Every structure is written in C-alpha cells, then in structure tokens.
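Heads up, the chain below is alone and in the form predicted alone; it's given as structure tokens.
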C-alpha cells in the first residue's frame, strides 16, 4: 500500500492529510499558518506537520511516495516555485525544493484551485470524468482546469486564471489592478458590493430587513435570501449575478468544452438556485448550442478536503 501527503496551504491554516491509493484521507491535521512570518518558518511548520501525520498514521516512510502542496498565488509547477503570492507576500520561493529537503521525499506544488479541481476529478463530483473546469466563488475567483485527468496550467506560470479573463472592457475595478475581470463581477466580494448598491438605491427593499438595517451586515447570502421572499430589487441583483457568471462559464466551455463545470466556494451553497438557470444559460449561449456537447453545471462536493486530495494526487507512482 502506498500513501501520499496532501497539503492545502491557506492564508489562515495549513491543512494536511495522509491519502491512500483510493484518494481517501486516512488522517488529517491543521495548524495556523501565521502567514506574516518568513517563508522558511512556514515551510518548517509544514514539514513538522507532515512528519507528525506520517508518524501518527502508523505509515512507514518507505510507503510514502511524496507530498503535494496546493498554494495560493502564481505557481511555477515545473520548478515547484511560488512566483508570487499576495496572501503571504512571497516572491520566487522554492517551496517544493525546500520541503523536499526537509522531508527527504519528492514534493510537487500547484495552485490551490488547480488542486481542488484535481481532487474533485479523483474523488468528488467529477470522479466519473477526466475533463473538468472548477470555478471557485469566494473572496476572489479561482479556477482549476483538468484535461485528460491532469491539471492544465499552460506552458508557463500564471496560466488558466479564468477569474482574470476580461468580461467587461473598462468595467468594475479588480483586485489584480485591471478593470472588468470576471472576478470583479462574480466573486462573493462583487456580489456583496452589488447588493449594497441595490439596497442603497431602494430603501423599501427587503434587503434592508435582511441586513438588519446596516449595509455592513450584507453578505453573500443576503440578495438570495431576499430574492426568495419575492423582493424585486434582490431578484434583479441575483439575476445580474447569474448572467455574469453564466457569461464566464460560457467562455470556459467554448474554450475547453469539458465534461463538467463545477462551482465551489461559499456562493455555490445556493445549489440549484444557481445551477438551474446557469444550465439554461449555457444551453442558450454556448457556441453551437444544443447541436454540440454541453457539459452539466454542478456543485463541487469535497469542500475543505478537495485541496488536500488533489495536492496528494500531484504525486504519481508512474502508472497514472
């Protein structure tokens, strides 16, 4: 029996798990990242966490094929280098090499959203498929693309970032410094911004009741909750959000034509309220319409474990 360590490096916590050949997590642990520290200190803690997992799982070092890491930021997967991560303020950190030296094991690194997509293909909502696009709807918009069972990252670091494809020329400001990116319209941050704007323009809207009369209380659920009560102002916010998300998905389908498109992140908890209109939108607007193949738009299943499972799957035994 062979095992792998899967590490999900987050801005708040480092999560790691021992993963078996069936992509099942046997044991997992989490520690605070304390991301303000120097990179070497964070990597030291990652190594100690992995060593503790191996020891507590009762796995022999010889049974561990290696460790995979899903990291936020722009990743050079071929070299295992974090080219840039705003979460940590890292630039050109040789994460793979440093952790490999500490563990005396092979280590591979990829972007965290890429790892989440691979995790869904290996053990989640896309496990029946080899081709998947995952779009994560959180504070920002991440994306992972899996083609023929392998992460597609482009020829060089910084590829496959669907969240920073242009949706509206000279549109809303994006955190990346550009304007009009998909992220600026379909992230939870963008949804909250648009909900606040709509509430401010309509003092009679139920949006005010759902935020307790304080726009600072608006969250990613507010517009959906008020829309479900029949509030026309909230319904307009939701419809606009779904239209922009639908455009982003149509672009991804026209580019990659995957077997399935999955949504992850907090906003996807709306379930069928999102996926039903999005499936209709894709049928209506994708190139060739229903004359060509149209993937299902679904919800990711693995939530907080997707990154660990996908990171572990970066390590192969030569037969995969």
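What you see is a predicted model; the values in this text were computed from it and never measured. Residue numbers count along the first chain shown, from 1.
The same protein also has a form predicted together with another copy of the chain, omitted here; what follows describes it.
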If the cut-off is 4.5 angstroms on heavy atoms, which of these, 173, 228, 215, 83, is the one near another copy of the chain in the model of the complex?
83
Exactly one of 257, 48, 29, 276 comes within 4.5 Å of another copy of the chain in the model of the complex through a heavy atom, and that residue is 257
Proximity to another copy of the chain in the model of the complex (heavy atom, within 4.5 Å), stretch among 98 to 106, 202 to 210, 113 to 121, 238 to 246:
238 to 246
Going by a heavy atom distance of 4.5 Å, is residue 272 a contact of another copy of the chain in the model of the complex?
no
Looking in the model of the complex, any heavy atom of residue 253 within 4.5 Å of another copy of the chain?
yes
Is there any non-hydrogen atom of residue 36 lying within 4.5 Å of another copy of the chain in the model of the complex?
no
Is residue 161 near another copy of the chain? Define near as a heavy atom within 4.5 Å, in the model of the complex.
yes
What residues in 64 to 98 sit within 4.5 Å of another copy of the chain in the model of the complex, counting heavy atoms only?
74, 78, 83, 84, 91
